[in-house]
Ligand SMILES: Cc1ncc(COP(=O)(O)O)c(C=O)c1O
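Next up: just one chain, as structure tokens, the form predicted alone.
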Amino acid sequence: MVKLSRNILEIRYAIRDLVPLAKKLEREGKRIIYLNIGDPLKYDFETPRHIIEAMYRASLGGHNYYSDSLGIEELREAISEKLRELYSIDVPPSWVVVTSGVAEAINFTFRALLDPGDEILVPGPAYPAYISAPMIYHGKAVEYRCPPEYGYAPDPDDIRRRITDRTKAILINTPNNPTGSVYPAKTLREVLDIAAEHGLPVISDEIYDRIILKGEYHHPYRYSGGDTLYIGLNGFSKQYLMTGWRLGYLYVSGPDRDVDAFMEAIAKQARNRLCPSTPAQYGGVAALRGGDEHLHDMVGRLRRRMETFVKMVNEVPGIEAEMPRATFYVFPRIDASLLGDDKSFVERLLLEEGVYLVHGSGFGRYGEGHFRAVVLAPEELLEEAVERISRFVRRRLS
């Protein structure tokens, strides 16, 4: 019998773990409401027309070849321009790498930094890839607390306690998946100061930076002093409604010697995987240079849907939710008396009522006792989902 890597066998991706069960129930005739995957295009959002047309023209124009492994120059320039325009981040195109989604950027970054036994500090609750990706490279993710009483922002003291001689980087994720939190400026300053004090790179996942529902977004780069390596991760999937195009990027700033060494490590990996989709990259250029009108409409619709969902779910006995400040995720708490643990809760809910949520413990140990809901569906579908959740809960309380 073939012997598989133990690391691979231990990988979990909670967001899709119950898909086989959901598909089985559909085949049996049950109508499933999917609130598990953060894909706006599965609902009533559409990729802006000018982006589609740019990719189409690129393909018709013969741009169907392998591009430069780091990405086409025009897209890297457009990314550099956008960073400067939005956040006054002065990163040259040569410090930008185009990737096949942020998932590839995460893997490139972790593989560049980790040797066996090394650790990366990640926020808990944590997006599942932050936990599983280090395992692939024989490293380990160490979760630090982002507790509800802090608005799901990091606890800097807990970060300090978890730094050891094996720590290779601190990862932050604001706006955050799964909680929808936006980290305060004071917290970001403390975390970036801790990183500088210990000479640790900061990895900043910024994929939801334009999907702000209320309040102000504080870009982490603003609080980096330039003394340590800063690695920003972002992409086109969410804000430009291009999930299936698989287009992302990373950019780097910091001391020249560190940037040069890190960029060479990334370039080696990029060459090894050839390149991202060339026609899609031309669509990315159009996305960055074609205006953000669609984004205002998208955020407005998401805000209304989130307000509806949070209000309704807070009327369900034993469930408590806070209005997130960003993203299209909400992370309600479940009363332990309802059904043992959060994984049992979401699995039984799917079986009995056909609503697919994600169990909070799938986002690490600090997610226990919660579930994550994706609030992208039209309001009438969200209302039906909450009615089903309420029916499920009330049966257990009766």
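Residues carry their position along the shown sequence, with the first being 1. All values derive from a computational prediction rather than experimental measurement.
Below, we turn to the form predicted in complex with the ligand, even though it does not appear here.
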Is there a heavy atom of residue 207 lying 4.5 Å or less from a heavy atom of the ligand in the model of the complex?
yes
Considering only heavy atoms, tell me if residue 170 and the ligand come within 4.5 Å of each other in the model of the complex.
no
At 4.5 Å between heavy atoms, is residue 177 in contact with the ligand in the model of the complex?
yes
Should residue 281 be classed as touching the ligand in the model of the complex when contacts are defined as heavy atoms within 4.5 Å?
no
Would you check whether the ligand, in the model of the complex, lies within 4.5 angstroms of a non-hydrogen atom from each of 71, 269 and 275?
no
Heavy atom within 4.5 Å of the ligand in the model of the complex: which of 230, 127, 144, 152?
127
From the list 139, 101, 324, 220, which entry has a heavy atom within 4.5 Å of the ligand in the model of the complex?
101
Using a 4.5 Å heavy atom cut-off, which of 102-110, 179-187, 116-124, 309-317 contacts the ligand in the model of the complex?
102-110
